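One chain follows as structure tokens, the form predicted on its own.
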């Protein structure tokens, strides 16, 4: 095998970073007020002081809740290798009480090299878990229960939550329950008996600030100086990254993207797409790479639908828009056809079609969900008499028509007036 091209090596390195949550979130864990620091303090207190705790990690999907928790647990297992047992459950898989207790018992048996019985009953598993909590507490070992999709466990009778939190009321137990949920009201779903045993600690995962994003971009995209890369290439690559991130056009692109989705996970996908389109010949990222990534991720289906319309369908959309401008609150296919004929008579356009052809085009627009019926009533009426409405805004229609390959100039003129 030949020597690996520095550009390919850089590409593989950055892709590997983007797919490694530990590497991504490590720089965000530094400040003392970070979510990492808060969570580590709570969990480490339970380990060192032998107390019980419960906490909720709340925030939108992709905001880094599970990644930060994994970072905390990994660090604590290194610091206290013989004092931590981790039990993971997911509400999508284990929300049924019997299934949840069996899974906890299985993981505890695996962790402590015990024989697990698949035939054990619900009560037997429950008693076994309580006994293990007591034994681990006496041995000064903390059990961390991670309940992903926590809101799924808060449905039904909530027997799992009640049993765990009730067992943690004992002075001999030593455990932490960490719930992860994208529902900000997850704690309000708890029954009174469960809520009274819950410690009501919550950590909210907000979108990263502009300063955090800047430091994250530098952390992810910069090549290490003390590496196997040629020093000249490293300097050139890092200088290019600084130029891109300081460019106002890049900042505008980033702002546009984050307005649509501001989670860390979506930002990583955006960077991954940009890096994947890097020119391997030059070996450097460019502003065009990020522009391509932005256009591929912020797809606009309505604009694409307008761009794919026939000339006749464009005429019908313009007619509907003109009727709305004239403050005609309710219109149907017949009204649109009258406006269509008025345009033809006024401008003597060559694009004039029979009513049955226009009706088929009208139905096609409805199937594409560019237009729809204004109300569900009157379903017994023929389609051409039912009130309709546009599902795209004037700016979307105008933008879609301007990018249309064959849009007649007269239609843009009609739309502007």
Partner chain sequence: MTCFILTFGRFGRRYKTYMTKEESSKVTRRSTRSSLTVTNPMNPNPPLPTVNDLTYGQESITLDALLSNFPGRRSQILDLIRLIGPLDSPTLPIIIYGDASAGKTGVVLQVFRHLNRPFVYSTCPSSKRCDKPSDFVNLLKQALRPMGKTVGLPPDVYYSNMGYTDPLPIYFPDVVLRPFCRVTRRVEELSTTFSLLFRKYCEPLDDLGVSPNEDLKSHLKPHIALCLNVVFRVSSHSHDVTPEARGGGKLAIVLRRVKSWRNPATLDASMFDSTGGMDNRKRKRKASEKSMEKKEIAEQEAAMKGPGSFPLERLLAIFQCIASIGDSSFNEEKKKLLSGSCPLEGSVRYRSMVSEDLSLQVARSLSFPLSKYLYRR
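This is a predicted model, so every value here is computed, not measured. Positions refer to the first chain, counted from 1. In this text, the rigid core denotes the largest set of C-alpha atoms whose superposition between the two forms falls within 1.5 Å.
The discussion below concerns the form predicted in complex with the partner chain, not included here.
request  = Just give me the single entry in 228, 296, 235, 169 that has a non-hydrogen atom within 4.5 angstroms of the partner chain in the predicted complex.
outcome  = When the partner chain is considered in the predicted complex, the option within 4.5 Å is 296.
message = By the heavy atom within 4.5 Å rule, which residue out of 309, 190, 133, 319 makes contact with the partner chain in the predicted complex?
response = Selected residue: 309.
query = Counting only heavy atoms and a 4.5 Å cut-off, does the partner chain in the predicted complex sit next to every one of 277, 351 and 406?
reply = Spot residues vs the partner chain: full contact, yes.
query = Taking the partner as it appears in the predicted complex, which of 211 to 219, 77 to 85, 245 to 253, 266 to 274 has residues with heavy atoms within 4.5 Å of the partner chain?
reply = Stretch with heavy atoms near the partner: 266 to 274.
request  = Please run the contact check for residue 330 against the partner chain in the predicted complex: heavy atoms, 4.5 angstroms, yes or no?
outcome  = Residue-level check for residue 330: yes, a contact with the partner chain.
query = Can residue 61 be called a contact residue for the partner chain in the predicted complex at 4.5 Å between heavy atoms?
reply = Residue 61: yes, in contact with the partner chain in the predicted complex.
request  = Check whether residue 385 has any heavy atom within 4.5 Å of a heavy atom of the partner chain in the predicted complex, and answer yes or no.
outcome  = Judged by the heavy-atom cut-off of 4.5 Å, residue 385 is in contact with the partner chain in the predicted complex.
ask   = Would residue 304 show up as a contact with the partner chain in the predicted complex if we use heavy atoms at 4.5 Å?
value = Yes.
task = Pull the contact list for 6 to 31: residues with a heavy atom within 4.5 Å of the partner chain in the predicted complex, in sequence order.
result = Heavy-atom contacts within 4.5 Å come from 8, 11, 12, 15, 16, 19.
Core-superposed C-alpha of residue 350 shifting 2 Å or more between the shown form and the other one = Yes: residue 350 shifts by at least 2 Å between the shown form and the other one.
query = Cα of residue 313 displaced 2 Å or more between the shown form and the other one, core superposed?
reply = After core superposition, the C-alpha of residue 313 moves 2 Å or more between the shown form and the other one.
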